[in-house]
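Below you will find one chain, with nothing else, as C-alpha cells; this is the form predicted on its own, and questions on how it binds or moves follow later.
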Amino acid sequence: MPHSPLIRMFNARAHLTPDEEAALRSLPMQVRAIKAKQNVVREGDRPTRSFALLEGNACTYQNLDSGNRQIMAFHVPGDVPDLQSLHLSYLDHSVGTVGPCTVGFIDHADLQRICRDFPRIAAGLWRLTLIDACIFRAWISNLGARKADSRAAHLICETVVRMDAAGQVENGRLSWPVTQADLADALGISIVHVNRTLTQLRTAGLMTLQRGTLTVSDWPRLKDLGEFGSEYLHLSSDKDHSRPELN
C-alpha cells in the first residue's frame, strides 16, 4: 500500500485511530518513481501539492552563489519534506533524491480537507514540522560544535535511528546510498576529509559504509563519539529507537 510509510511515520510518534488511519489511506496520492540525483521540488517553486517519501532517501539542500551545496537534512520513508509549502507561498530550498525514490504527491486541497475533518491528523502534521525544526537545530549544533569524526558519528546515528523507525533496518544493515560528495555537503568538510573520517571510523571498528550499505559495528561507542541522544527525534516510547537492532 503506497500510504503505509506515511502511516508508519505517524504511528511512530502518536497512534492513529482506525478512522484516522482509514482517512489517510483514502487520501488521493499520485505515486511516481524518480531516479537518483534528481530534484523533486526546487528552490523558488510555488507548489500546489506536497509529497510523501515512500521509498528511498532524499535530502533538503540549498545551492549557494559560490556553486557550493549545503545539505540541511536527509529524509527517510514516511517523511513529508515539503510540508511547509501547504502554508508558505514558495520554497526557499530544494529537495532531491539521494538514490532512486518513490514519492507520493498529495494536493494541498486534499491535505487541507483532511486537516479540517480530522484535527488529530492536522496536529500530527504540525508535529512533523516541529520535529523537522528540532532536526535542523541538531544539525546546526553538530556542524558548529563538533569535530569531523564526531560530526559524522552523530549524522550516522541519527540516520540509523530514523531508518529504524521507518522499518528500514534489517539483519543489522540498512541501505544508505549517499556518496562521499553528499556527506561532504552535509558535514561541511571536503570529500578528502570525508574519506579520511570514514576510514578512521571503520578502522576504529565503529561502522562501515560500502556500496550504499551502512553497517554499525559498535553502536555504544559510535553514540559516545557523536554525543548522540535520540530525544530530539520525538519517537514513540513503544520501541526504544535509541537502541536499534544492529548486531
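On a predicted model such as this, the values are computed, not experimentally measured, just so you know. Residues carry their position along the shown sequence, with the first being 1.
The following text describes the form predicted together with a further copy of the same chain, which does not appear among the structures shown.
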Listed residue (N39, Q62, T215, Q180) with a non-hydrogen atom within 4.5 angstroms of a further copy of the same chain in the predicted bound form: Q62
When a further copy of the same chain is placed as it is in the predicted bound form, which of 100 to 108, 81 to 89, 169 to 177, 155 to 163 ends up with heavy atoms within 4.5 Å of it? 81 to 89
Would a further copy of the same chain in the predicted bound form be within 4.5 angstroms of a non-hydrogen atom of every residue among M72, T129 and I140? yes
So, H234 and a further copy of the same chain: in the predicted bound form, are they within 4.5 Å at any heavy atom pair? yes
Interface membership of R146, a further copy of the same chain in the predicted bound form, 4.5 Å heavy atom rule: yes
May I ask you to check whether L125 falls inside a 4.5 Å heavy atom distance of a further copy of the same chain in the predicted bound form? yes
Contact label in the predicted bound form: C134 to a further copy of the same chain, heavy atom within 4.5 Å: yes
Taking a further copy of the same chain in the predicted bound form and a 4.5 Å non-hydrogen atom cutoff, the residues of 175 to 201 making contact are G188
